[in-house]
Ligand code: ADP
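We begin with a single chain expressed as structure tokens, specifically the form predicted alone.
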């Protein structure tokens, strides 16, 4: 079965076509500047990347352009839409309603809409992609795969905030966590690489990119994660502040003459390592700046590493031990310096890093020594493949 995987944003759309039998990517790309002027990037397997500038007034037109590229006589990878057996959609927030992926129905869409106030920037955009695909492929089964679903196994002591309980009862104020598809994929892949039963491991996954989170996976279930009600909680990130004293919000608002929306904009888009360094949200730029003598760039990286370290330590305690630690996402997969700096402070866990293995970039590899009491791995995440797998499993059950 060929699965079309869609990750739809407010003005962009990423896509892949994956053959579920071989798990190979037949084609991938993205649509950018939807509703502005439009740009399609299409990259067939074994072929050259194509870039097309064209009007995309809506997501429906964008998806139609993707379909046209996929069935193009010269560079297409399928002959007709009949060769797409299902569509898997990334949906950011499922609230407490969805603890697993689900077949998309009218009732399911209504449930996603009902919790859209928990993810106002993401869920409406995700549903735009769903509806556009439904119009163009009305007879093709579709599945929603939720970023939050994997974390619905967290116990109450992990997801409840110390606020009046009626806020949870009335408004669903609690920790939800994100990057769930990535944390699930990487923790399962770690079990395969270590040749251990998934349900027997205590795993900590560090998804480190511009958005970053850490997850504790015990016996195959997420038991805690660093992101919260929104992706703002947790680690210091590219532009997000991460954990902060709530009183600082009021204090900054008064000092800077900002309203609540203004302060949240600062915490989401102008903070993190970019705000600390004054240089960039990209760690490659921070490394270059540090080498040039920029002390703030060095400090920003130290703050980031320290937060990751604290969460790893906390989750090792929460699980009463840890068997393996996994690094993934852009920074986690490619920055051996940061991995080494974090792991050096985990020597109390018996961790030893193999410097030669740790020098590798972007490949599956165990970077701890054979003597290390805790295994440390680098595992490139593959959220699209995880979505395709979830989609195929549910469609076959119908």
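It should be emphasised that the depicted structure is a prediction, and the values quoted were computed from it without experimental measurement. Residue numbers count along the first chain shown, from 1.
What comes next is about the form predicted together with ligand ADP, which is not displayed.
Colleague: Say ligand ADP is put on the shown chain the way it sits in the predicted complex, by superposing the C-alphas near its site; is the site then open or blocked (3+ ligand atoms within 2.4 Å of backbone or C-beta)?
Modeller: Pocket open on this form.
Colleague: Since the partner isn't included here, can you check whether ligand ADP sits close to all of 211, 281 and 334 in the predicted complex (heavy atom within 4.5 Å for each)?
Modeller: Checked in the predicted complex: all three residues contact ligand ADP.
Colleague: Using a 4.5 angstroms cut-off on non-hydrogen atoms, would residue 44 count as touching ligand ADP in the predicted complex?
Modeller: Answer no; every heavy atom of residue 44 is more than 4.5 Å from ligand ADP in the predicted complex.
Colleague: If you check in the predicted complex, is residue 330 within 4.5 Å of ligand ADP, heavy atoms only?
Modeller: Close contact exists here: in the predicted complex, residue 330 approaches ligand ADP to within 4.5 Å, heavy atoms only.
Colleague: Would you classify residue 33 as touching ligand ADP in the predicted complex, given a 4.5 Å non-hydrogen atom cut-off?
Modeller: Judged by the heavy-atom cut-off of 4.5 Å, residue 33 is well away from ligand ADP in the predicted complex.
Colleague: Can you check whether residue 49 is within 4.5 Å of ligand ADP in the predicted complex, heavy atom basis?
Modeller: No.
Colleague: With ligand ADP left out here, work out from 185 to 193, 203 to 211, 155 to 163, 121 to 129 which stretch has heavy atoms within 4.5 Å of it in the predicted complex.
Modeller: Selected stretch: 203 to 211.
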